[in-house]
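So this first bit is one chain, no partners, the form predicted on its own, shown in structure tokens.
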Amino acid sequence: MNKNIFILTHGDTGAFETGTVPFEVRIPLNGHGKKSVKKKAEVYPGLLVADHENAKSGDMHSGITGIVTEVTDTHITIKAQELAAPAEGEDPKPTGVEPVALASLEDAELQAALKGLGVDVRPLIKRCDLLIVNALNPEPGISYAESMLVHAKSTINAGLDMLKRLSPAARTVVALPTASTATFDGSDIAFINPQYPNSLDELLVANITGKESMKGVNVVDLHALYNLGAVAESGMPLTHTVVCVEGKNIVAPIGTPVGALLKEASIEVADGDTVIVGGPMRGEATGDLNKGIGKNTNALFVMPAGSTEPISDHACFSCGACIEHCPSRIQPNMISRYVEFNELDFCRQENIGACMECGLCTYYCPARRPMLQFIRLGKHKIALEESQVTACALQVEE
């Protein structure tokens, strides 16, 4: 194995670039049932555009000034443009929102305020004794973590202070790549060999605690901590995020189209190229360059046509390469076959739940089978099946 291609440190400590305002944004919605704007509405930075019904899921806001051109169940499209001047005698139009004073809020009030500012609160308040901040780059080729630790230190510290207010954990550990000089008051430091897949939460926990169990431990990644810190510092809604575009770290409005971000990074997409949203190991290919980035989108990559064999539905020929490289010590070849034929009980027997979704099985599969995608599909089907069983049991009890 060539270990260099799995290295998670790149020595990139340069400042982030601020992206230009895109022609339009397509803000992705995920369960945001209540839209706060209609087509042709005028919006400005920080204005609420969609409320999430779940009390722990963040609302969505506009990051630009413009006009709403489309409202669907999956996204809200806003065309960037200056708003018309008020007519004579009319009050000036608002150009932004007022910050929320978070310092004096506690517990449920603080959680509600953060939800209203666009923060997904649930992953931050998980019951635990040990809180780990995963400050490694998540995958090879992604380079924002080292820059964040140097150039966004105040934002990271603001996020960490807020995280400690939210989390019930008695102890906090920041996991850093070996040789990092970053420091954090009031938190322990753990150094991790920066080689993929050591950045996966499960392996991070095993490295720090010596146990192959996530019980009593919560892990928050640096990207989420940065977003939380941006809100905690300003009291303003979360409207922008950092995206690593082929190694260039850009701060962009949430909803910026994938194609616009690639153009911002001077990357052209040719026929046959594959655009990946997320990391090269765990990301997902998209053929829609108008798709808007979400608050959790951390990277974009383009695989030139012909650089790798395309993913296919070839049959597994049992070479065992996926088993040899699986850090979970399961059999991805067998699980993917069972998912193909909807044999979910056999998936359970093969311990599909232990899969960390690192993507190494897909990377090494000589048949180019979509192993990770099969496993994710299997988990989804099992979760759906179990939720239906639970719902039926509750009906019987009633």
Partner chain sequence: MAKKSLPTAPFLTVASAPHLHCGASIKGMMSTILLALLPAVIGAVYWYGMDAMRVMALSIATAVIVEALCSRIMEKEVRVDDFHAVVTGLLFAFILPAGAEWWLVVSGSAATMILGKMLWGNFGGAPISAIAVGWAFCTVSWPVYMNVDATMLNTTLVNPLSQLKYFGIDSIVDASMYNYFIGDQLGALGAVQVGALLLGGLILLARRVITWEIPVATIAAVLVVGGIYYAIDPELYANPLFHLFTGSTMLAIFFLLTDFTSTPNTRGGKIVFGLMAGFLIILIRTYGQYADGVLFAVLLANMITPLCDMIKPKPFGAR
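Numbering follows the first chain given and starts at 1. Note that the structure is a prediction, hence the values are computed from the model and not measured. Each form is matched to the other, and the largest set of C-alpha atoms that superpose within 1.5 Å is called the rigid core.
Keep in mind that the form predicted together with the partner chain is not shown, yet the notes after this line are about it.
Undergrad: Is the partner chain close enough to E284, H314 and P327 in the predicted bound form that each of the three has a heavy atom within 4.5 Å of it?
TA: Judged in the predicted bound form, E284, H314 and P327 all sit within 4.5 Å of the partner chain.
Undergrad: Please pick, from V269, V100, A190, L105, the one residue with any non-hydrogen atom lying within 4.5 angstroms of the partner chain in the predicted bound form.
TA: Checking each option against the partner chain in the predicted bound form, the one that comes within 4.5 Å is V269.
Undergrad: Report the residue, out of C319, V150, A80, L83, that has at least one non-hydrogen atom within 4.5 angstroms of the partner chain in the predicted bound form.
TA: Looking at the other structure, the residue within range turns out to be C319.
Undergrad: Taking any heavy atom pair closer than or equal to 4.5 Å as contact, tell me whether Y44 reaches the partner chain in the predicted bound form.
TA: The answer is no: Y44 has no heavy atom within 4.5 Å of the partner chain.
Undergrad: Test of understanding: in the predicted bound form, would T274 fall inside 4.5 Å of the partner chain by heavy atoms?
TA: Result yes; T274 sits at the interface with the partner chain in the predicted bound form.
Undergrad: Looking at the partner-bound form in the predicted bound form, is S36 within 4.5 Å of the partner chain by any heavy atom?
TA: S36: no contact with the partner chain in the predicted bound form.
Undergrad: Any chance E70 has a heavy atom within 4.5 Å of the partner chain in the predicted bound form?
TA: E70: contacts the partner chain in the predicted bound form.
Undergrad: Can you pick the stretch from 172-180, 196-204, 223-231, 156-164 whose heavy atoms fall within 4.5 Å of the partner chain in the predicted bound form?
TA: Correct option: 196-204.
Undergrad: With the partner left out here, which residues of 6-33 have a non-hydrogen atom within 4.5 Å of the partner chain in the predicted bound form?
TA: F23, E24, R26, in sequence order.
Undergrad: State yes or no: after fitting on the rigid core, is the Cα displacement of R369 between the shown form and the other one at least 2 Å?
TA: Yes; that C-alpha moves by at least 2 Å between the shown form and the other one.
Undergrad: Would you say Y44 moves its Cα by 2 Å or more between the shown form and the other one, aligning on the core?
TA: After core superposition, the displacement of the Y44 C-alpha between the shown form and the other one stays below 2 Å, so no.
Undergrad: After the core is matched up, is the C-alpha of G66 off by 2 Å or more between the shown form and the other one?
TA: Where the cores coincide, G66 shows only a C-alpha shift between the shown form and the other one that is less than 2 Å.
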